[in-house]
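Just one chain follows, in the form predicted alone, and it is written as C-alpha cells.
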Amino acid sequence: MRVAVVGGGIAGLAAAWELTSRPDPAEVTVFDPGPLGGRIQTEPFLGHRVDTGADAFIARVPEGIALAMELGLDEELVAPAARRALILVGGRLRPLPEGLVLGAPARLRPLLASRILSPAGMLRAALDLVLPTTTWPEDPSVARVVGTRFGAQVAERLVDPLVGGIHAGGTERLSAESTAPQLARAARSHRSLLLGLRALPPPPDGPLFLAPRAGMGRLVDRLVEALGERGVRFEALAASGIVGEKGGRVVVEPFGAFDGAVVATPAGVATDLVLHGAPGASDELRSIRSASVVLATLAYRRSDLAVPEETSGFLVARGEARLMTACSFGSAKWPHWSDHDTMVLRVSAGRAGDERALELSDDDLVDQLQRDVAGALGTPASPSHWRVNRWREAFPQYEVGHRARVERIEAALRRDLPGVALAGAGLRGSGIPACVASGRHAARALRGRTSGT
C-alpha cells in the first residue's frame, strides 16, 4: 500500500507512524514544506532549548504518553516543577481556587475565599443550587452553560480565561460539547451544575502535564528519526491539490497517484486540497474559523523580577484591558530552561476577534507586553533578551455545532473520496494527544477503506 501523508505536523507524523506499524506496513511519503512538527518547535534561547509553541502535553489523555513510550522517550519525560496558577482580575493576581473543573466551581467555599467574584457574583453563583433544571440545546456554548447556572462573573472571570485561553477563542461561541465536555456532561446529568461537577470521577493520580526534558521538539525529532528508520520518505514540498480518484487511486498533485492519502493540514489548507474531489467536505471545512496567537519569550535577571514562588504563571480575564492573555513563568515550570540568575517568561497575546498583537512590530509588541507584565507583577523591570513567534491561524475554533460539522465532513469524504482520510487539530481536539489520536485514527480508517473491511 502506497500512501501520501500531506502535512508533517504531529497528526501527520502519527498517521505515518501508524501506517508503517507492523504487520503489513505501508510505503509512506510525507509531504510538507517544513518545518516538520507544525506548532511543536523547540529552539535555542540563551543557550537553553526553549519551546516556541506547545511546551507540554496533557498526561491524562493516553495517546501522548503511549507514543513517547513507543519511541523510547518515557525515561526523558518530566513534569512541571511549579503547578500553582493565578488569575489577573480586578488588576490583582489571585490564586485560582481549588475545586475547579475547566474554571467552573465544584466547591463554593474556596471560590468565596479567593475573592475573584464580587459579593453579588458569589451570590449569583450559589443560586445554581436552587435554580430549576435547565433544558439545554443540542450543543450550547460554554458561556451559555456556565452563565446560565453560575452567572456572568464565573463565566467571564474563571471559565473564559481558561477554556477561551486554551482555544484562543471566546466562550460565547465555543462549543461546550467539543471544548468542555466535562461541563456539558455535568450540566445534563444534574439539575445543579455544581453538584454535577462534584459527581464527576476524580482525576487520576500523577502529573497533569509532561514533556521531554529537551523540549517538545525532541518528540518530533525522535519520531522523524524513527520514521526514517522505517523507510518513510520526507519531501519538503507542499501538495497543490487532491483532484480526486482515478482508477481507484488518489491523485495528489503534483506528486502522482497513491493507494490512499491522509490529509493532516489545517482546515483552511485542507479546504483547497479536497475542493474538486469532495466539494461537500470542502464547503464544511471552509466554515471552521481559526485564530492567531503571538508568543513572546522574555528573559529577565531573576533579581529584577518578583515572581511568586511555586507558581507556573497566570491567566488574564478579558475585562482587564491588557494585550496579553496569559503569562507563563517558564523557568519556574521548567528549571532547565535557564541559568540560576535568569528568569524566562512566555507571554501570549491574541485570540479570535483580537488581532492587535499581529499588527504590531516585534519591538512594539515586546514593549507592550513588557508593560503588561510589569503592571501585573508590580515591577518596572525590562527583559534583557526576547524572541517573538507568530502562530497565524494556528488555533481552530470549535464553535457551536462543531461536532456535527466534523461528522458531515467525514461522511462527505467517505462518499466522494474514500481513499482520503482527514486528521489534525481542526477535528476532534487540538491538544497534542488528541492530534496523535487523530492521525492514528485516520491511518486505521484509511487502511479499512482501501482493504474493503
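Sequential numbering from 1, following the sequence displayed. Not measured: the values here are computed from a predicted model.
What comes next is about the form predicted together with a small molecule, which is not displayed.
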TODO: Considering the small molecule in the predicted complex, find the one stretch among 175 to 183, 308 to 316, 292 to 300, 196 to 204 with heavy atoms no farther than 4.5 Å from it.
DONE: 292 to 300
TODO: Check whether residue 26 has any heavy atom within 4.5 Å of a heavy atom of the small molecule in the predicted complex, and answer yes or no.
DONE: no
Open item on the list: Within 4.5 Å, heavy atoms only: does residue 39 come near the small molecule in the predicted complex?
Closed with: yes
- [ ] Using the partner position in the predicted complex, report whether residue 55 sits within 4.5 Å of the small molecule, counting heavy atoms only.
- [x] yes
Open item on the list: Contact with the small molecule in the predicted complex for residue 214, defined as at least one heavy atom pair within 4.5 Å: yes or no?
Closed with: no
Open item on the list: Quick check on this chain: which one of 117, 232, 239, 352 has a heavy atom within 4.5 Å of the small molecule in the predicted complex?
Closed with: 239
Open item on the list: Looking at 65, 394, 388, 400 here, can you tell me which has any non-hydrogen atom within 4.5 angstroms of the small molecule in the predicted complex?
Closed with: 394
